[in-house]
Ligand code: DOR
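Below you'll find only one chain, the form predicted alone, shown as C-alpha cells.
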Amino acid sequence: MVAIYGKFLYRGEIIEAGIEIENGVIKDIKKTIETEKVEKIDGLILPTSIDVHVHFRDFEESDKETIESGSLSALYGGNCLVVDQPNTNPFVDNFDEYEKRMEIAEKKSYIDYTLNLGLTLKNSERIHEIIKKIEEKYRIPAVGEVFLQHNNPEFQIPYDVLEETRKKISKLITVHAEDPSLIQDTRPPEAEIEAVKRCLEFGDFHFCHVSTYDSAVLISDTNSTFEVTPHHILLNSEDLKRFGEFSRVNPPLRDKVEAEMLFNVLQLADILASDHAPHTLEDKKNGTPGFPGVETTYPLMVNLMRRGLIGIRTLTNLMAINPAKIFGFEKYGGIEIGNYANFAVFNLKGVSKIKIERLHTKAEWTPFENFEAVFPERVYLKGELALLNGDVLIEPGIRKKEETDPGEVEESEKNTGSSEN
C-alpha cells in the first residue's frame, strides 16, 4: 500500500489529509496515515478530467492525430480517460472497425480510452445487434455523436431515424444538434436551437458542444444533458479576424454577448468537453472545421478557478464527476474511497501562457495561443505517477484491461448537482 498526503477537494470541500491507495484504488482517506510510504504533495490535488468528446483521427488520417499522440496530449492536460468519436476514416459503425480501433488503443494509448459507436443510415436498422456484439468484448460509452447535418448523406440522420433509434436502444445517444433545413454558410444559432427543440420532443439525449444560451436553458429543464466547450465560452466571433483561415469550427463561434451569456450559465451545463478536432495546417487553410483542445481545456479552466471566475466544485463536477455519472464510468469521477486513484496536481502559482510548441498534439496550432493556463505538475493514473514536471514516466499501452474498463453504460438521469470536425 502507498499513500499521498496533501490538500485536495473531498466531497465539495478542500481538506488536508492522506489518501491510501491499494491496487490503483483509493482505499481510505484520513488525517493520519500510518503507512511508511507516504508522499507529501505540494499543490492542489484535483480529480483527473474525463474528456467525453475527442477526435483522435488515426486510421487513414494519422497525419492529423493518432490515438498515441492524442492520448499523450490528453495526459499532459490532466486527463485520465477520453471518449473518442466514430467519424473517422473509415467510419466506426460496425464491429470490425470498432475492434481495430480498440486494439490500437490497447497498445498505444497513454490513458484510458473508450470509443463511441457511430449511427449511420446503413447501420440504423441493425444498431441493437451491433451494440450487442461489440459489448461482448468492449463497453460502448454511447451511440454518437449523431449528425443531424452532414455533407455525406449516409452520415446525416433524419429526425425520424433518430426517434426510432431512441426507442430501440437504452444506451446514451449523443447528438450534434444543428437542423439541416436551417444550415447556412454561417450556421446560425437558430439551427442549433431548433434541433434541440425537435430532439427534446421525442426523447432524452446528451447534446454535444452546445453553443447558445437558449439551447442551454431548454436542455436544463429536461432529463437530457449537455456539454459546452472552452472555445464557445472563451472565444467569440470577434476572434474570427485574428484566426483568419483557421477560424472554422462547427458549431461556429457566436457573438460576444452570446458567449458571455453561455459562460454566465455554466452552472446549468453538465460537462465541459474539448471537442478536440486536430487538422493539418493545410486542411485548416482550406477551411476544414475544428479546433484542438484536449491538452488545454483543464489548464484553462483551472486558471479561471484561480481567478475566481469559476468555483472549484463547479469545475470538478463539469470535468470529472458528471462525465463519470452520465457516461456510466464506474470508479471514475471525484476523489472518493473505492474510486481509482486518478489525480492531477496543480500549483496555482504556476501560471504560464499556452504556446503551440509546448503542446503534444499533432495539430500545429491552437486557438488559445498566449492564453493563461495552469498545467498539472503531476498526474497519477490508478495510483501510478504518470507525469512529473513535464516528464512522462509511463509507456503507452492501456494497463491491465480488467482494471481499465469503465463501468457499464446506461442512459443516466440528469445530474442536478462533432461537429463534422
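Heads up: residue numbers just count along the shown sequence, starting at 1. Owing to the predicted nature of the structure, the values given are computational and were not obtained by experimental measurement.
One more form of this protein, predicted in complex with the ligand, exists but is not displayed; see below.
- For the residues Ala344, Val82, Ala320, Ala277, the 4.5 Å heavy atom test against the ligand in the predicted bound form is passed only by Ala277.
- For the residues Tyr113, Phe205, Phe147, Tyr332, the 4.5 Å heavy atom test against the ligand in the predicted bound form is passed only by Phe147.
- Of the candidate stretches 160-168, 220-228, 190-198, 283-291, only 283-291 has residues whose heavy atoms lie within 4.5 Å of the ligand in the predicted bound form.
- At the 4.5 Å threshold, heavy atoms of Thr212 stay clear of the ligand in the predicted bound form, well away from it.
- Taking the partner from the other structure, the ligand in the predicted bound form has no heavy atom within 4.5 Å of any heavy atom of Gln156.
- Remark: Asn94 does not count among the residues lining the ligand in the predicted bound form, judged by a heavy atom distance of 4.5 Å or less.
- Heavy atoms of Asn250 reach within 4.5 Å of the ligand in the predicted bound form, making it an interface residue.
- Shown here without the ligand, the chain has His55, Arg57 in 47-77 lying with a heavy atom within 4.5 Å of that partner in the predicted bound form.
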